[in-house]
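In structure tokens, the next block holds one chain alone, the form predicted on its own.
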């Protein structure tokens, strides 16, 4: 899975919009949406909110967690704790990117929010790299990492899988009865 696929999954999350048009309920495979009435908030998937925003048919209401004070608390807690702390949304990074790229005019203090989310991301990725380094250097066989998002796992996946594969090859070649030090690809 690559970053674009994770972003695609994030677009299924719901966000509140305030439409400036009228439309009865629409029936989609993924569920019913609407009705849409001017100035009355309605929850829709992010993909639809962005589409309507690009056509100037709505205003997007930022999620409750997309607030400077709340993000500062999350950032400070993440820096203070050694373990991964719960994030406000399983797709916080992707949603921030999408909403700030396409609807920054609807989000107060957008630049500060972008910086805070980037700080949270950088702190979590640094922790993840340290955890992976510790895991590999201690020759562990398994690990438990709670509160990681799909994008964070996706970021470290290749490095971790390649490292574990190399560790397996090295361990199997050190054991008696191995094929005389020849590497095997699995």
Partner chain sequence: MPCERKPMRYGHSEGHTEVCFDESGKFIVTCGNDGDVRIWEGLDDDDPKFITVGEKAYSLALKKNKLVTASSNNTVQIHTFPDGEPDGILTRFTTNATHVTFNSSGSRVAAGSSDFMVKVVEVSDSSQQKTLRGHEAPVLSVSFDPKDDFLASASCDGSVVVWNIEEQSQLISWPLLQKTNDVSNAKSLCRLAWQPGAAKFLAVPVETKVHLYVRGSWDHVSSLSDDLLTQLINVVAWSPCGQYLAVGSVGGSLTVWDVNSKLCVERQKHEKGFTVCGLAWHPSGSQLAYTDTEGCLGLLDGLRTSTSTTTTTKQAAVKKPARDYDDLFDDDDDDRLIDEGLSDTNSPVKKPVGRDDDDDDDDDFLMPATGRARNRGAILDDEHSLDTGSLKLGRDKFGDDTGSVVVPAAAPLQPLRPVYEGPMPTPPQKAFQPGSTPAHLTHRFMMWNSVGIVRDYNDEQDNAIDVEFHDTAVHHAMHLTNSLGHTIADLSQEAVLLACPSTDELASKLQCLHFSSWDTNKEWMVDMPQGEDVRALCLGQGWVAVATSTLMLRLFSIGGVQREIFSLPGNVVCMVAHGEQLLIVYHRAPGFDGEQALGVQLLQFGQRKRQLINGEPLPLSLKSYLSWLGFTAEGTPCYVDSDGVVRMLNRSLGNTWTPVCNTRETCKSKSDHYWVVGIHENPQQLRCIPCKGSRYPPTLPRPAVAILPFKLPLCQTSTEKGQMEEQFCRSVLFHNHFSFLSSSGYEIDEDAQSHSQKEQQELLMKMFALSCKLEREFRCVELADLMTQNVVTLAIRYASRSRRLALAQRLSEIALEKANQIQKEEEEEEEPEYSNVRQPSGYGQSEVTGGRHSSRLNQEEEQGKELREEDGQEMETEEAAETRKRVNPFAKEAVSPVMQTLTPIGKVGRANPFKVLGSGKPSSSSGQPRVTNILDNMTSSRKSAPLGGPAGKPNKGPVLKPLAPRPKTKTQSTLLQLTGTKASSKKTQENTQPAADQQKQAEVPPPASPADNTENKRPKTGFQFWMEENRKSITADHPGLEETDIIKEAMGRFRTLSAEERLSWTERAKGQTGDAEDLKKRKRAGGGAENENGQAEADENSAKKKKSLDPSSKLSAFAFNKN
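Numbering follows the first chain given and starts at 1. Just so it is clear, the model here is predicted, and its values are computed rather than measured.
Not pictured, yet referred to below: the form predicted together with the partner chain.
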Worksheet item: Out of the stretches listed (146-154, 25-33, 38-46, 127-135), which one is close to the partner chain in the predicted bound form, meaning heavy atoms within 4.5 Å?
Response: 38-46
Discussion item. Can you work out whether residue 53 and the partner chain are in contact in the predicted bound form, taking contact to mean some heavy atom pair no more than 4.5 Å apart?
Written reply: no
Worksheet item: Does the partner chain get within 4.5 angstroms of any non-hydrogen atom of residue 14 in the predicted bound form?
Response: no
Item to complete: Indicate whether the partner chain has at least one heavy atom within 4.5 Å of a heavy atom of residue 21 in the predicted bound form.
Response: yes
Worksheet item: Which residues within 55-85 place at least one heavy atom within 4.5 Å of the partner chain in the predicted bound form?
Response: 59
